[in-house]
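Next up: a single chain in structure tokens, the form predicted on its own.
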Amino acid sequence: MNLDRRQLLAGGGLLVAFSMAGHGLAQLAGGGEGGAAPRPVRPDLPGSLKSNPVLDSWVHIAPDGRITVFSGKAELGQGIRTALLQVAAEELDVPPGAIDLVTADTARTPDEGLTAGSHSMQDGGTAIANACANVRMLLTRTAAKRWRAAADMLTTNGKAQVTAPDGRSLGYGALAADLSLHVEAIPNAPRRDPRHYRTLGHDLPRVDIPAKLTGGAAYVQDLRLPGMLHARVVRGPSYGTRLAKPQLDRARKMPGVVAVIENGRFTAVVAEKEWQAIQAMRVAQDSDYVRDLPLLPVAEGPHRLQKLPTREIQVLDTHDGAKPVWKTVRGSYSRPWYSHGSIGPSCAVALAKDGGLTLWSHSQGVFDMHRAVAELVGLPPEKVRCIHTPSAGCYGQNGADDVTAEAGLIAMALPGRPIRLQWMREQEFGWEPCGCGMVTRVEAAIGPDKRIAHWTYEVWSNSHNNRPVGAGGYAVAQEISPGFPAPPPKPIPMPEGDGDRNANPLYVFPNMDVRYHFVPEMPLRVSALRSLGAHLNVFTIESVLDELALAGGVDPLAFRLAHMQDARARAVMIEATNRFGWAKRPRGDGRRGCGMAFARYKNIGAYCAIAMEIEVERETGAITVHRVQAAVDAGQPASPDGIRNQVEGGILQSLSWATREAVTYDATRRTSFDWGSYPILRFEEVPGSVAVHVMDRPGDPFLGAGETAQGPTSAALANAIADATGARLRDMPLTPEVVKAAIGV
């Protein structure tokens, strides 16, 4: 759609399309992982309405009653399209099928920053709920004016109609003709009563699944445009390397090659067909490579971080008076660098035409992208449009941002022809930003009363948020000439946090000293991966709690409850363990054991408790997860099935991280380039059963649930292994070799 506001208004109906109000106030910072992207202009409004308060940023009602809702959040496979449709349908009081949802398009939707940090429902869902409630209120008032009736005597009937007590009704389309919504929302528009919900809180079929299930056009990799050319980048095996003598002359002579793009050290081949581009890339890359960056930490792994310069951040420092100490637990914990492991290698399509650039990208930050790519290619931001198009796997900054920037550069060199650039599998593993390796160290003690007496906690980590907000954030920016310097890495401040995310326990402990040793220097290229630092911090905290409970002879659940005052946290732990049968669980017998863990994501998101039963094959160290029971409190569930999907997926991914995954490397390059060298959990290795109970919280604010299971799952696994074998494992991955070495014969 290339209609401007005047053309849309001329078509009749109620326009609630993209308002530019406040758009120029955007902060160049990642929303959801470090702060809201656009600066709030109405702090009194909920969610993303703070930054986009004008109602015509969110909804369009056509004369025939057809409704379009606009969201700046992106469908990444997390089911957000379905959940947001349910929210909009409920508060507009219409069937979900009456709504078309447009997501994350810089020319059409409100700027909601990143789709990240479990903010889609907390910010985007809340904004849509309140915007739609405002719209329904104004439609009802318009009907009241037409009928000369009291607005509080009118209602809506779930069919996009306002009804009167005498049976009269008016459709939304007819009412829209008399109403302009180019007005700001009010903060207290009446929401629908949870007792009468028709859509919210019910399980609806996922709208994004049919095309994925049937092999339809579901992903950016499937996008085909007339006259499209295919490109491949030519570069060294992994980030920090370059080819010594790329064979570009040979590549130019390959069949179907249209161009070889050279810009500084950035090189790409472009061909009429994809296989021709791949063949030309293989020929061009027939070269040795050299490393331009410091050597990789082969011997030290993530513990290298402890030897690098740090910036000290005091997270907590409480003093409650010295308490008697009975038993003390000390330990160091770590996780390796992780790959995102996206099933589909990163891909983007770009078209330079008529002085502008259009990008189809699976980046989680299309709004930052359209500004950053504009800077990279030398265009004004308004000349760059970025349309989010899903890919097969994401949850963090994989190669999506980089491949889109590179596609844009290639397209600018070949205007008029769409360019489809896809990274190869080995390039995805070799060049994407990894999830951060991390180290923690803890000393904690309990007193004679079996309560914690003091808690000292340290965490070492790089920044988990190096997403591009300017041209220098792309890897290619340091390859082209003239280039752009990479921005200095920065920690995300609390309460979100990055390396220190969830390092501040929700439990009530006295005498807490929690410190974040932020490490600016990155041994490997890193950025956001699902849950950021919360994964290792929760793993550490929950492991130490089990160690302290064991030292004090206290049941792990009882020990946690004794230190928890948050009523919803207690309810989630009790619900999960009751459903698991914690009181009658199998006790550790050398092979079989059970463990539990809990966290509230970021201490501001969803609550999640996990209980798990596992079995260890002592002869090999192999772990079988027999069953997992989760309980989750995500506030008012928009789509309970969607929440279950997210938590189930989080459980499986966390088990994969904890037991298998680690980026491997030698001194000069990464060496895990495929699924053989970077193993992930396979279908035959999933738990025997996974059950997720979603707590019913009617009318409560939405809480983000997409990352809530990552920390508790890995922690529950480690606790179950300790229960089964008596061995406390602190350094992931907990491979069979590691387990067998720890338990002996």
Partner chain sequence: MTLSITVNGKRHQVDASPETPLLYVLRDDLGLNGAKYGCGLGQCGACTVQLDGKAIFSCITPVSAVGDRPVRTVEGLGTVDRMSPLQQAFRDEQAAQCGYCIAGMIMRAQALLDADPRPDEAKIRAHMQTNLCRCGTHMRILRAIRRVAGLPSDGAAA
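Predicted model only: the values in this text are computed from it and were never measured. Positions refer to the first chain, counted from 1.
One more form of this protein, predicted in complex with the partner chain, exists but is not displayed; see below.
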| property | result |
| --- | --- |
| Options 309-317, 559-567, 461-469, 276-284; stretch whose heavy atom lies within 4.5 Å of the partner chain in the predicted bound form | 276-284 |
| Of Leu295, Ala149, Ala217, Ile604, the one that lies within 4.5 Å of the partner chain in the predicted bound form (heavy atoms) | Ala217 |
| Interface residue in the predicted bound form among Glu496, Glu479, Glu575, Asp641, criterion: non-hydrogen atom within 4.5 angstroms of the partner chain | Asp641 |
| Triplet Val260, Gly399 and Tyr474 all within 4.5 Å of the partner chain in the predicted bound form via a heavy atom | no |
| The partner chain contact in the predicted bound form: Leu76, any heavy atom under 4.5 Å | yes |
| 4.5 Å heavy atom contact, Ser391 to the partner chain in the predicted bound form | yes |
| Partner proximity in the predicted bound form: Gly341 to the partner chain, non-hydrogen atom cutoff 4.5 Å | yes |
| Non-hydrogen atom contact Pro43 with the partner chain in the predicted bound form at 4.5 angstroms | no |
| In the predicted bound form, residues of 674-694 near the partner chain [heavy atom within 4.5 Å] | Asp674, Trp675, Gly676, Tyr678, Ile680, Leu681, Arg682, Phe683, Glu684, Glu685, Val686, Pro687, Gly688, Ser689, Val690 |
